[in-house]
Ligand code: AMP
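In structure tokens, the next block holds one chain alone, the form predicted alone.
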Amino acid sequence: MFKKILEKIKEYDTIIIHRHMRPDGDCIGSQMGLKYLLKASFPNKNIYAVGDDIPTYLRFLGENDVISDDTYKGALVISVDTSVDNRIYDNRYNTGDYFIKIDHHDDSPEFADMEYVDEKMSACCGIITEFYLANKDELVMTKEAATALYTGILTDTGRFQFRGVDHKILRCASVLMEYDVDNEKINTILNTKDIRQLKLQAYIYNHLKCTKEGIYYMIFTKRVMKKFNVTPEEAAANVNLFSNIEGSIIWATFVEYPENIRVRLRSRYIAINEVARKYRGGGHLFASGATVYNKKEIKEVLAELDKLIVEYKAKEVK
């Protein structure tokens, strides 16, 4: 399949790479990494990366390209790290000549002309790295591309902490390190927080809530985000603060947006993607997102998660 993707890339002079809304590190890393890889390999092609605002901590990886509708005429469009088509930012993706999807989510339905999905790969950046390795005789890896891909792997594996980290993703990271990637610089950028975020973290630890069955969660209202002068994305990024709490198995954040409430769900041992799917979302078995619209639905989500905890504990006893 990697050979087929490369052959399709060769057919087009214009390639436009899309990503999902509200991008994370793996999303930006795989998009920018693929862009730099293809630009170095095919300098005469027009390669673009489009999307919504890039989070501040990831802007060192690159910037969005602004292109006209006409650019899509006769173009190859590639989406990365996006499981469902309604999460692709910019609906123009479906106005190109041919569409390829590259993804690693557990619930990734078919919707493109050509698809490569590897649910066992910890990060989409790992897939792009394997794409390079499968076509190493024709593709040119650069420090810029390797830095973007390595950053995406770091963020989606939680610095190689999360379930799913295996020899494949570690091999990809090792390959990328051969291209003079500055691991210390990347980790410094990812770990450094400004005073707003640190004050918010202090507030979270003093105000986090816990359900009857031990699910830790935080509701970020517009008032709270305004008080600490943080964006919804900056607030939601704190979801893994709860992972270090003793006994924590499932944790979540609920973030108020103008039109809805975005949910981030995380867990260890227990698959939570089915609950996310029930509430207009989905994702990985142990890291998913959803959308709710009111406090009633927040309570429903928490009740569903509590049920999962009860079932898990019952099996453990047996």
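Everything quoted here is computed from the prediction, not taken from an experiment. Residue numbers here begin at 1 and follow the sequence given.
This protein has a second form, the form predicted together with this ligand, left out of what is shown; the following refers to that one.
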Testing 165 to 173, 218 to 226, 118 to 126, 79 to 87 against this ligand in the predicted complex with a 4.5 Å heavy atom criterion leaves exactly one stretch, namely 79 to 87
Examine Gly283 and determine whether its closest non-hydrogen atom to this ligand in the predicted complex is within 4.5 angstroms. yes
Answer for Ser267 alone: is it within 4.5 Å of this ligand in the predicted complex, judged on heavy atom distances? no
Exercise: Gly62 in contact with this ligand in the predicted complex, heavy atom 4.5 Å: no
Is Ile249 one of the residues lying within 4.5 Å of this ligand in the predicted complex, judged by heavy atom distances? no
Does anything in 282 to 298 come within 4.5 Å of this ligand in the predicted complex by heavy atoms, and if so which residues, in order? Gly282, Gly283, His284, Ala287, Ser288, Gly289, Ala290
